[in-house]
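Form predicted on its own, single chain, as C-alpha cells, below.
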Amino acid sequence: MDKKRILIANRGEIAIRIMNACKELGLDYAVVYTVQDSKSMHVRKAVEEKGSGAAYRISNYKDPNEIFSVADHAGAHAIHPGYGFFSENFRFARRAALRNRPIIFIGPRWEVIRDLGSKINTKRIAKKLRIPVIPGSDEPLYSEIEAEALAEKLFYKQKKDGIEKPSILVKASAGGGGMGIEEVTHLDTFRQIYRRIQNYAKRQFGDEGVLIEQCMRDYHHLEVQLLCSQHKEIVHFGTRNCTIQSTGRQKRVEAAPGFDPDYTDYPFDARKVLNRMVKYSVQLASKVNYDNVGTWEWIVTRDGQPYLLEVNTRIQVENEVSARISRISKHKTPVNLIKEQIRVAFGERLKYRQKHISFRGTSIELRIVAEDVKRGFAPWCGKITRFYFPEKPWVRLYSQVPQDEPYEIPTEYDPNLALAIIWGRNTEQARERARDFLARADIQGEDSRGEPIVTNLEYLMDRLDDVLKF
C-alpha cells in the first residue's frame, strides 16, 4: 500500500477516524468539505497534516460526479465512503470499479452491496440457509387477498404463541428509514391500512409492493461485527447492543458485548444466543462471499429467539464499540477496524484467524447530540461557545467541533456533536466511568434568540442504568 492515496468522501468524526487510520498505515489522503463544513475539525486536521491541497471544497457530499472529479484531480487510488452518503450505494461502487480510470471502493464488491442492500433479498437468502427471520412475507405483495391471508395467518400464530396483543406491520417494500410503515392491531382494519400503504408506496416510490411482518415489541437490538477478506477469510469481533435509541430509532447508547450475564440476569441463556447469532452471521457471509467490513443486525426477543433484520454493508458509527474490547493475539492495543477495512479493500490477507482474537472488558459508546429530548429529540441549532470533555486513558472522543473557537452547527446535517467510547474492565466499571465522563462534560452555547444550548447529555446519563439490561 506504499504511496497510495485515499479520498475520504465523508465529513465530521468519521472522516477524522479514517484520517487517523490512513496515518497509522502510512497512507496519504485527501478530504472533501462543503462551505457549511469549512470550520469542521476534519478540514483543519487535513490542512495541518497534509497542506491546503489536501482539502477540496465541493457543493454537495451526495454528488457522485464531484466526488469522482476530485478523486481524479487528487490522484486518489481509493475512495473511502465512511457511513451514509455513498457507503451502501452499489451504483457508486460499480462506477468506481468499471470507469476508465478504476478506483478502489473501500467496502464490499458492488454486487454484494446490491444483493444485501435489499432487505427482501437478504431475508430470502437467510431463509434458504434456515437462519431465523421475522415471520412475514419475503417478497413484495401486490394482491390484497393474498396479503390479507398472510395477515390472518400471522395473527393466528401470535395468539397461538400466547401473545396478548398481537399486531402486524404493513410496510412499503421500496421504503426505508421508517417511511411507509403502519401497525395493524385488528384484522378487520387490515384492508383499509393495506390500501393506504399501497397508495402511499405508489405515490412516493413508484412501486405499490407491500410487505407484511409480525410486529415485535419486547426485544433487544444486537449486532454482529464481521471482517472478511477477498480471500474468503472470515472473522468476527463479537457482538454489541444498540437497544437504547431515540423515538426515531436513532441509536444513542451502544455497548459491547451484546449481553453480559456476569453483570445482569437474562430470561434465557445469553451466551448460547450470542453464539447462535455469530454462527448464523458467518454462515450468511460465507454464502455470499462477503469481502469487507459488515454488520449483521438482529433482534432478540424475551424468550431468547434471535431474528436477522438486515446486513449493513459499511463501516458503522459504532464500529469502535466492538473494536475497543477486541485484541488480536497478545497485542495490548485494541483492534482498529477502519485500518483492517482499508487493508482488505487493497486485497491484503488477514494476518490472523478467529482463534487469535480475544475479548476483554466492556465498552460503551455515547452519541452526544444537540437535541431536545423532551420535544421528541428535535434537533437544536445555534452556536457552541464552549466544548469541553475530560481526557482519560479509558475514553476516546471523536468530534468535528473545535475546542478553541466558536462553532456554528450546520443546519444542513444532523446535529451530532461527538462520540465518546468508554472502556472498563467489566460492565459496572464502564458504566461508572461513563457517568464520570458525562458529569465532567461542559457544552455551552446559544441559539439566534439567545436561548442556551440544548443537548442530550442528561438523557445519556439517565439511560446508563439500562445498559445491557433486558
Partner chain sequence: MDQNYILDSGKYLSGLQDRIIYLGDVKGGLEWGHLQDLLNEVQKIRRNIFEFQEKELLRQIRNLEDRISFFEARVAEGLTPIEVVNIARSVQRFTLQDILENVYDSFTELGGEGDCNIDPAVLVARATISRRVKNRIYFHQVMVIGHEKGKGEEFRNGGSAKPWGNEKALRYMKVAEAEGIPIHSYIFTPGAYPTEDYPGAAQQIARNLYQMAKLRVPVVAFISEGGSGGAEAIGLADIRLMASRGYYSVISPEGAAAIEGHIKEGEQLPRKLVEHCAEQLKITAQDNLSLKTIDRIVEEPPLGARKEDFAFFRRLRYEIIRATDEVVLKTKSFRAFRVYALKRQAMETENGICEEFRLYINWSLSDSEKARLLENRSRKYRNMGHGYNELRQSVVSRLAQAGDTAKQSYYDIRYGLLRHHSRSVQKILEEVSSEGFIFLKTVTEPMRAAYDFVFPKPETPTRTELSTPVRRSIFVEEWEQYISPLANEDRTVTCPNAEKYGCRDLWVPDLYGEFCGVCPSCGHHFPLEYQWYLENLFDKGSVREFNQHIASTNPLNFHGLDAKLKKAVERTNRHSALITFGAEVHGVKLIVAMLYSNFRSGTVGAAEGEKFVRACDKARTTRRPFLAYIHTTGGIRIHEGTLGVIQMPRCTLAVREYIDSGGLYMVVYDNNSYAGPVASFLGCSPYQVGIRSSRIGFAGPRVIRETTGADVPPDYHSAKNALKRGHIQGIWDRRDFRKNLFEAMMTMGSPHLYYK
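Since this is a predicted model, take the numbers as computed values, not measurements. Residue numbers count along the first chain shown, from 1.
There is another form of this protein, the form predicted together with the partner chain, and it is not shown here; the text below is about that form.
Peer 1: For the interface check, one of 135-143, 308-316, 216-224, 349-357 should have non-hydrogen atoms within 4.5 Å of the partner chain in the predicted complex; which one?
Peer 2: Partner-contacting stretch among the options: 135-143.
Peer 1: Can you work out whether residue 287 and the partner chain are in contact in the predicted complex, taking contact to mean some heavy atom pair no more than 4.5 Å apart?
Peer 2: Yes.
Peer 1: Using 4.5 Å between non-hydrogen atoms, is residue 63 touching the partner chain in the predicted complex?
Peer 2: Close contact exists here: in the predicted complex, residue 63 approaches the partner chain to within 4.5 Å, heavy atoms only.
Peer 1: Decide whether residue 362 counts as a contact residue for the partner chain in the predicted complex under a heavy atom distance cut-off of 4.5 Å.
Peer 2: Output for residue 362 is no: heavy atoms all beyond 4.5 Å of the partner chain.
Peer 1: Can you check whether residue 95 is within 4.5 Å of the partner chain in the predicted complex, heavy atom basis?
Peer 2: Although the partner chain is absent here, residue 95 would touch it in the predicted complex, with heavy atoms inside 4.5 Å.
Peer 1: Out of 109, 276, 396, 251, which one falls within 4.5 Å of the partner chain in the predicted complex, going by heavy atoms?
Peer 2: Looking at the other structure, the residue within range turns out to be 109.
Peer 1: Only one of 260, 88, 297, 115 comes within 4.5 Å of the partner chain in the predicted complex by heavy atoms, so just point that one out.
Peer 2: The residue from 260, 88, 297, 115 that makes the contact is 115.
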